[in-house]
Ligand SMILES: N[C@@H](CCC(=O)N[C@@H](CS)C(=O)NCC(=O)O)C(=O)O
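Presented below, as structure tokens, is a lone chain in the form predicted on its own.
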């Protein structure tokens, strides 16, 4: 059965699923969505009107974390979700932490126009990064460069797109990974070097230009 993915280059959530497809070496037809002119078929496939959305035969799946688990179950080689129940739970907990905690502060900082509130949010985001370093990466990384050791997993793919976009936050709000968060910095480097990541990477200028609207600035 053919795979179709409704996606958008700028979207970090779609980026997650494209990375999963690349890691599994799957052929897929990509439909780039214009958010100002959403097609009827896209809205039928994605009732939330968001990307990514996957069509696989009769199956229609949306929301990036759910799509990625679906792909891992249907196409189990290479396995991207750990088999161990405790590690599987750890993976889901930390993806939830990103989606429902980190990103709230992350995007709030970029949108905030008041300097004092920016400073407060910047400190919160830096604390989030330190928490990821000490309570996440330090728990199961072992000798490997990834969250769970030597092999990349859905957890890595869930986080990386937001760190590829970090240059925009650095440009507009002066935020960066704390210098002492050495595991997190090493993980970013390891992910950036993966062939799947490199094959679809965008440079800093792309993100600075495309996140200008969030920051209330002119496109660079």
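All values reported here derive from a predicted model rather than from experimental measurement. Positions refer to the first chain, counted from 1.
Another form exists, predicted together with the named molecule; not displayed. Remarks below refer to it.
Q: Should residue 22 be classed as touching the named molecule in the predicted bound form when contacts are defined as heavy atoms within 4.5 Å?
A: It does not: once the named molecule is placed as it appears in the predicted bound form, residue 22 has no heavy atom within 4.5 Å of it.
Q: Hey, in the predicted bound form, does residue 197 get a heavy atom within 4.5 angstroms of the named molecule?
A: Taking the distances in the predicted bound form, the answer for residue 197 is no, it never comes within 4.5 Å of the named molecule.
Q: Using 4.5 Å between non-hydrogen atoms, is residue 63 touching the named molecule in the predicted bound form?
A: Within the cut-off, so yes.
Q: Can you tell me whether residue 49 touches the named molecule? I mean in the predicted bound form, with a 4.5 angstroms heavy atom cut-off.
A: It does: once the named molecule is placed as it appears in the predicted bound form, residue 49 has a heavy atom within 4.5 Å of it.
Q: So which of 30-38, 149-157, 179-187, 166-174 is the stretch with heavy atoms within 4.5 Å of the named molecule in the predicted bound form?
A: Looking at the other structure, the answer is 30-38.
Q: Residue by residue through 1-16, tell me which have a non-hydrogen atom within 4.5 angstroms of the named molecule in the predicted bound form.
A: Contacts from 1-16: 11, 12, 13, 16.
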